[in-house]
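Just one chain is shown here, as structure tokens, and it is the form predicted alone.
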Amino acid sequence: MDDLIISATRFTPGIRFLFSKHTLEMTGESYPENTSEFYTPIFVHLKNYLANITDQKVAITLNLSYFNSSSSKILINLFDLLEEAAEEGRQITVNWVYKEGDSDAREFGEEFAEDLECVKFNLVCARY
């Protein structure tokens, strides 16, 4: 599988899905005009990827400085997909990066983490 690299825009996060390194990074802001259109290819790649791995450790890093309610729903779908894969034995870690002092972003991470039982979820405070 070829890596999936999507450059960030003013409205969409940068995506770096490096299959050989078993990492997916989303960085930036997420409020695309058509959330489904932007995220569908990412979900297609992720589903195919998860179906073809066994004992690899997968690291997902989410460093979203802002996301709207439509993107929040996408994140919930992402976590559901990851949780299902983890329940099937995949080793998945999510790193939720938030800026120091951004209590809203930290709280979002805490809320997302509450719904996950099999995915390892780390809150990562970025000091910059």
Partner chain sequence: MLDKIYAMVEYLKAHEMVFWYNGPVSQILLVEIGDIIKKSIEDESDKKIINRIFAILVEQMQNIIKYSVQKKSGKEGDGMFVLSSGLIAVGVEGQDYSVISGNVICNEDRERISSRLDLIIAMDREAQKEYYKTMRRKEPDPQSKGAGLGFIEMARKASKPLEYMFTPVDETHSFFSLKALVGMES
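Source: prediction; values computed, not measured. Positions refer to the first chain, counted from 1.
Below: the form predicted together with its partner chain, not depicted.
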Where, among 37 to 45, 98 to 106, 84 to 92, 51 to 59, do residues come within 4.5 Å of its partner chain in the model of the complex by heavy atom distance? 98 to 106
Looking at the partner-bound form in the model of the complex, is residue 70 within 4.5 Å of its partner chain by any heavy atom? yes
Residue 19 near its partner chain in the model of the complex, any heavy atom under 4.5 Å? no
When the contact criterion is heavy atoms within 4.5 Å, does residue 111 count as touching its partner chain in the model of the complex? yes
Applying a 4.5 Å heavy atom distance criterion, does residue 115 contact its partner chain in the model of the complex? yes
Partner contacts in the model of the complex for 33 to 54 (non-hydrogen atom within 4.5 angstroms of its partner chain): 33
